[in-house]
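The chain below stands alone and is given as structure tokens, in the form predicted alone.
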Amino acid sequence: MAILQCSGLSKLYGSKKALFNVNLNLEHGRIIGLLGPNGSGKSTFLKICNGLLTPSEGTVLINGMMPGIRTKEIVSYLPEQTYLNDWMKVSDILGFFKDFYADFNIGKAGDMLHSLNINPNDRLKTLSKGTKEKVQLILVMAREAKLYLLDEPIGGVDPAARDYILNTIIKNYNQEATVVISTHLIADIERVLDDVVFLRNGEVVLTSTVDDIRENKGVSVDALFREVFKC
């Protein structure tokens, strides 16, 4: 069984189609790029999969279940916006996650903080925007989840920090789990991807493995993305 299945998934806001007739099967043990320009429906898709939005039509199944309380036990979600409270210390937030999520590995979280040179005794209000986003990513990746949904994890940091973040993702996810990474920064992320899904105006215009793109089309994912979206 695929970890994530979509059938005829649509999300409408009045007459505007944020998603339209999305059909996908995402397999276990893959790193998948959900790729498209801003406004293509990536965040809407991830919010529906995390149970934060309700589809207008169609279905989503996470490990055979509709998004809800049970799927939150196996899905680790990184939203595009920072949601952490500034008055808290980093160590306080780790403790909160440890109490809230049974699969939260606080030892792994501490190792990631150390590797990214983040002091657990610092309060969030003293940290830069990029460092706050790293803390949020650490919280997500320290869970032993089956499905990681990451919305623009490298969008708000400088290029030098992107490699750190991608390496953090690669080294710390469960190898049998699936990671979905939403981004429009294809060149930065291509090296870590197994599969790609291209979204345009809420519709899937391409699904492929990265190897098939390189072998059959003879181009990189970034080059194909620029061709499809005329970037």
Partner chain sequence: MNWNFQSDRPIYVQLKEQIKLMIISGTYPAGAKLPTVRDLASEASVNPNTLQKALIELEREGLVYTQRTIGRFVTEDENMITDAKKELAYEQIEHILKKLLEMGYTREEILALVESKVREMK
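Positions refer to the first chain, counted from 1. Values in this document were obtained by computation on a predicted structure and should not be read as measured data.
Missing here is the form predicted in complex with the partner chain; even so, the following discussion is about that form.
Asks: Looking at 185 to 193, 199 to 207, 38 to 46, 56 to 64, which one sits within 4.5 Å of the partner chain in the model of the complex if you count heavy atoms only?
Replies: Looking at the partner contacts, the answer comes out as 185 to 193.
Asks: Within a 4.5 Å heavy atom cut-off, is Leu52 in contact with the partner chain in the model of the complex?
Replies: Although the partner chain is absent here, Leu52 would stay clear of it in the model of the complex, with no heavy atoms inside 4.5 Å.
Asks: Since only the chain is shown here, I'm wondering whether Arg70 would be in contact with the partner chain in the model of the complex (any heavy atom pair within 4.5 Å).
Replies: Residue-level check for Arg70: no, no contact with the partner chain.
Asks: Find out whether any non-hydrogen atom of Ile31 is located within 4.5 angstroms of the partner chain in the model of the complex, and reply yes or no.
Replies: Within the cut-off, so yes.
Asks: Taking the partner chain as it sits in the model of the complex, is Ser220 near enough to touch it, meaning that at least one heavy atom pair lies within 4.5 angstroms?
Replies: So Ser220 counts as contacting the partner chain.
Asks: May I ask you to list the residues of 164 to 179 that have any heavy atom within 4.5 angstroms of the partner chain in the model of the complex, in sequence order?
Replies: In sequence order, Asn167, Ile170, Lys171, Asn172, Tyr173, Asn174 come within 4.5 Å of the partner.
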